[in-house]
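Read the single chain below, which is given as structure tokens and is the form predicted alone.
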């Protein structure tokens, strides 16, 4: 299975800086056997698309979407709108949106389903808080979040991605130990198997996010069951992210 790396700029870079980042990143020497995407703010999608031109690397990703194709939903962006920019992936349920904006498992599930229908691959973010860890609830929380998302997906043949992002690790500089990440990924993969079948579970991409950088990426992608990474701060500099990509797949 090809490794998937997604740069998540979060709330950084308007159109001018976004275009510059894409142009600079396209000059990086990148491994061929690697799938790379960049999740940019909605306002920067047009600039990123223009700077990509006909290039297919990196693939364009969005950071969120609404669950309806159109309607009286002021401020929201539909999957069909994202398609007009050539978006291939879209994050849903990022921990920052769950914690700061009150997104529920049900809302995340509806968004993932709508993206699948539109032909965009949903990247469904799941993960536990530090409080969950202290209470010994990691497995319980992951199973609940994953099961809720899976219940909305139409079948196991349409692509989807899960991103395991322990909330206590994001932006903290304290990456989750690879063995712990492996255990969490196994929980997620088992839930996928229960919903669909072992074939779907084996082929499903599950990536890791949380203080990922060029120093630890190789250890994560070499861990059985970890199929890539969702990269935050280390993706803001195109050269640093380029180095991370080469480190993830030195071949």
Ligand code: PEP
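Being a predicted model, the structure only gives us computed values, none of them experimental. Positions refer to the first chain, counted from 1.
What comes next is about the form predicted in complex with phosphoenolpyruvate (PEP), which is not displayed.
Residue contact check for residue 170: one or more of its heavy atoms lie within 4.5 Å of phosphoenolpyruvate (PEP) in the model of the complex. In the model of the complex, at least one heavy atom of residue 94 sits within 4.5 Å of phosphoenolpyruvate (PEP). Interface membership of residue 211, defined by any non-hydrogen atom within 4.5 Å of phosphoenolpyruvate (PEP) in the model of the complex, is confirmed. In the model of the complex, phosphoenolpyruvate (PEP) stays beyond 4.5 Å of every heavy atom belonging to residue 238. The stretch in contact with phosphoenolpyruvate (PEP) in the model of the complex, judged by heavy atoms within 4.5 Å, is 211 to 219, chosen from 24 to 32, 197 to 205, 211 to 219, 45 to 53. Residues 38, 41 and 64 are none of them found to lie within 4.5 Å of phosphoenolpyruvate (PEP) in the model of the complex, as judged by heavy atom distances. Contact residues in stretch 217 to 247 (any heavy atom within 4.5 Å of phosphoenolpyruvate (PEP), taken in the model of the complex) are 230, 231, 232, 233.
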